[in-house]
Structures are given as structure tokens and as C-alpha cells.
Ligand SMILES: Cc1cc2nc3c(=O)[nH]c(=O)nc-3n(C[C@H](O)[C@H](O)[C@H](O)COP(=O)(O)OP(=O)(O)OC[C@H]3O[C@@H](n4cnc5c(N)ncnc54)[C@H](O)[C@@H]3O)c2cc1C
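Only one chain comes next, encoded as C-alpha cells, the form predicted alone.
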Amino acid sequence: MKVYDVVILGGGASGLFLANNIKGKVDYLIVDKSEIPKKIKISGGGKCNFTNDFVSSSNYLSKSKKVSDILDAFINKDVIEYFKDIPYKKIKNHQYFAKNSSYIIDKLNQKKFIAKILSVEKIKDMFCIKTSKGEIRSKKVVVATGGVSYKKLGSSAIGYEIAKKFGHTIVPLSPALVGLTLQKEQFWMKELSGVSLKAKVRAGEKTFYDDILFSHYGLTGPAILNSSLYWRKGKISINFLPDFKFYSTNKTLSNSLNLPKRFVLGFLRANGLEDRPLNRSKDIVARLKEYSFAPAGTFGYERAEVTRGGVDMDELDNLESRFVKNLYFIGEVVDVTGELGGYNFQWCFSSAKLVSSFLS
């Protein structure tokens, strides 16, 4: 039976980028159950936001302090240089988008062994990877299988199962970059489906100033998605009037606030308040500037962009298992989750680039 130097489990952003950066005569194989990297294809509305002008460990949630060191292995400028030959542009929030995600896919794509990954064992110095199409053997294994969000795209928990089998701790998983559902007291927001506005949303110690969108399911939009990364249980706070300066006028609230009229009237009705003149409504303005409530939960993994949690980074040295030599974990399967704005692709590229230097 043929023995590969390296087998990469997962053909998404991190796995493909790793394969493209292995130097020298290394005999490697990518194993994935899909020919097309579907998450790259749909990301950024089909345009793949692949990095950001401003990247630091503060843009990531992880229990480990090692994030900065790994990001330094391949910084945002390196990513921009790497993709310089494809059409892209920088847009709001300093994000970099390809003209179309197909350009990223074409740049990264490699031939894969299409099969479902079933399990991994190590016998002496050899890894035995069992797949739906038979067994593969390798000297080194890199787990790049991603998280469990977007199951309709074929995501699975196999990466976590492999890690646990070899003694690793999985930091508890949960949906992230996802909409938030509402308690009964906030159901009035569902009636505003389709309304959007710019607001400041605070979850824990993090505040995001961006659009929020009301939907039939609850709250979504960039400010909410980012907040969901840091929200566990308990309250979030929304400032619906972050730039408002109070002034005196006899105009009613719905006609004087820089907010959608439908939202203002819905808020007043839900709270048993009248549409009073602004100069008699300082108390209502104060409530709009500090509206706190406890979400009921999230929209779940099916609508989450990423998975929070994963393989404990403190059990990895340069992303290699401390317990099993030549076993590596990269990308979303690790307990590092980025905010919206190209940060998760940046993490995929940085972590893959770091590990590529140990595979040659």
C-alpha cells in the first residue's frame, strides 16, 4: 500500500491553501467529500471577503493567548500579495473582496481524493485514515475539516472526533456569527421584518457599530452577527441612536428621530408609549439609547457562518498535537473564531502557512 508523506483532511480554505504552500518534493493527498469548496463559494455573498486592512488577535475569540503568533506567520499584507493576480477590491470596513469567489477557488483548487473521512488511527509511526473508499496511509496528517455550521454544505464533526480520539480537549462548540432569536417580550421586533438601521450593539465587553436587520426569526445584520460571537447567555444592549444629539422641537418622535418611522412606532406601541413631541420625550430617547434585553438563543448551526470553540490551542505547539507527533490542526476546527470582515479566512491562511513550513 502506498504511503503518503502528508494527508490533508478537508479541502476547504485552510486545506487548499496548505496544499498550495507545501514546498519541495512532498507527496501529499487532500481528502474531502466534495470537489467544490462550497463555503468559499458562498462566502461574502459569493465574492469571498478574504482579509481585512486591520487584523489583530483582538478580532478573534479564543481561550488561548497564541493567536497573535500564528497570525504573524502570514499577515494580511501577505494574503493581499498572494491574491494580487485576481480581480478584487477593498470596500467598507476595510474588507477585501474578490470580484467573484470563483477566482479564489480557481487560485487554490487542487485535485482531491473524494471520499468521506471515517476515522484516523496511528500505528507506530504511521497514520491509517479510513474513508468510505478504503484506507489511506500517511506519515503526517493535517486536520482541516472545519466546523459544524452550514450542514447543508456538507460540514461534519469528524475533525473534533479525531481530536478527541487522540486525547485532545474540545472547547465547547456553539453557533457563531449568527442571528439572535427573541423572548416573548421582544416579539414586536418580528413585526418589523425587513427594517434595517445602524446601531451600536454591546455583548460583554465588545461593542459593534453597524447595521442590524429585523427578521421573522429575530435580529440579524452585521452588528448582531458579530455580537453573537461574544454573547453567551444574559443580556445584550442596543443603542438605536448612537449619533443622536438632543434638540428641542414640537415634532413627534416618529418625525424627528433619524430612525425608520415603522421602527419608532413599533417601539412605542410595544412599550405602551405615545408618539409625543421630542421636547417632551427625553425619557424615551434615553431608553432608545440603552435598550437591554436577553435573547432567547440563536438561529442555530444551519444559519451560523462559523462554529465557536474547537480543538484547545493550548494542547498544540505550532498547531501540532502535543500528544501525537506529526498530527496537526488548522483553520476553523481549532478554538479560534474571527469576527465578520475576512478574519476567518485570514486565520485559515495564517494557520495553514505556519504548518506548511513543518511538512517539507
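Counting begins at 1, following the sequence as shown. What you see is a predicted model, and the numbers here were worked out from it, not measured in a lab.
The form predicted in complex with the named molecule is left out here; the points below concern that form.
With the partner omitted here, the stretch from 66-74, 321-329, 304-312, 288-296 that lies within 4.5 Å of the named molecule by heavy atoms in the predicted complex is 304-312.
Although the partner is absent here, Pro260 lies well away from the named molecule in the predicted complex, with no heavy atom inside 4.5 Å. In the predicted complex, the named molecule sits within 4.5 Å of a heavy atom belonging to Ala144. In the predicted complex, at least one heavy atom of Ile42 sits within 4.5 Å of the named molecule. In the predicted complex, the named molecule lies farther than 4.5 Å from every heavy atom of Asn59. Contacts between stretch 337-360 and the named molecule, counted in the predicted complex as any heavy atom lying within 4.5 Å, involve Gly342, Tyr343, Asn344, Phe345, Cys348, listed in sequence order.
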